[in-house]
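Here you get one chain, nothing else, as structure tokens; it is the form predicted on its own.
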């Protein structure tokens, strides 16, 4: 095949278009508002495991629409979703691309358990109905002990790949991996889940943290971890923190890798076969 030609076939791209249409119909039926937020903005996430693509003089290509959608929710928006491009530096491979399509949505007055049910409904609509199993994080990786984060992340990824074919919700992440999820009543685990389908990590969701002081504390801890890894410090997004002070309503949110879902729907093994072109 010549380099100018698309990676996916026309038939595969037609199937992708049908999946996009079906996803939008799913949310329209539930009166979930579609929004469009910036893909280029002044600030970016602090999370040490996510590296942003900087655009000098302009800011950063956004790794997800999370901060902007939460600002909309704090301003009174209803449950909403975004389906569009996101960007992450250094992510290239069978399941990764620096530019990818993310489906992210937030449901008012949902906790993570209700959101898991809705994620399953969406996946069933797009991939066909199948049963789901639930495992805790420690069920998957074993006792945490004093293993460092890098070792746990590798153990988690390998354990996901070893899971039998099927659909698995992974729950009860350790509190140190809460990201922007609130903690469970035990204080040791986070109200966070991940959906793994046929060994592919597909969606990551939280019962969202609403405490503005805890947001700031976690961002500071992220920058501390960045310093330990010799990664650049990230300036805090004060507009986002001001929105949290104004009040994020009780909600749960989830981000789903749409290209990976298309790959699963097509029955192919490489993300390239779900994309028209790769940027690199």
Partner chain sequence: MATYSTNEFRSGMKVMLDGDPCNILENEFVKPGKGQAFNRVKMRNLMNGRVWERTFKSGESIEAADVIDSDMEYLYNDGEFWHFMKTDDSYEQVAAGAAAVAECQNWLKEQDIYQVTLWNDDPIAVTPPNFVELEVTETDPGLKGDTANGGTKPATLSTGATIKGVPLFINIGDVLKVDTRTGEYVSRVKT
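This is a predicted model, so every value here is computed, not measured. Residue numbers count along the first chain shown, from 1.
Quick note: we don't show the form predicted together with the partner chain, though the next part is all about it.
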| query | finding |
| --- | --- |
| Every residue of 49, 93 and 192 near the partner chain in the predicted bound form, heavy atom within 4.5 Å | yes |
| Contact stretch among 182 to 190, 71 to 79, 153 to 161, 107 to 115 - heavy atom within 4.5 Å of the partner chain in the predicted bound form | 153 to 161 |
| Exercise: residue 201 in contact with the partner chain in the predicted bound form, heavy atom 4.5 Å | yes |
| Residue 206: touches the partner chain in the predicted bound form, heavy atom cutoff 4.5 angstroms | yes |
| Residue 88, heavy atom within 4.5 angstroms of the partner chain in the predicted bound form | yes |
| Contact flag, residue 149 vs the partner chain in the predicted bound form, heavy atom cut 4.5 Å | yes |
| Partner contacts for 215 to 245, taking the partner chain in the predicted bound form and a 4.5 Å heavy atom cut-off | 229 |
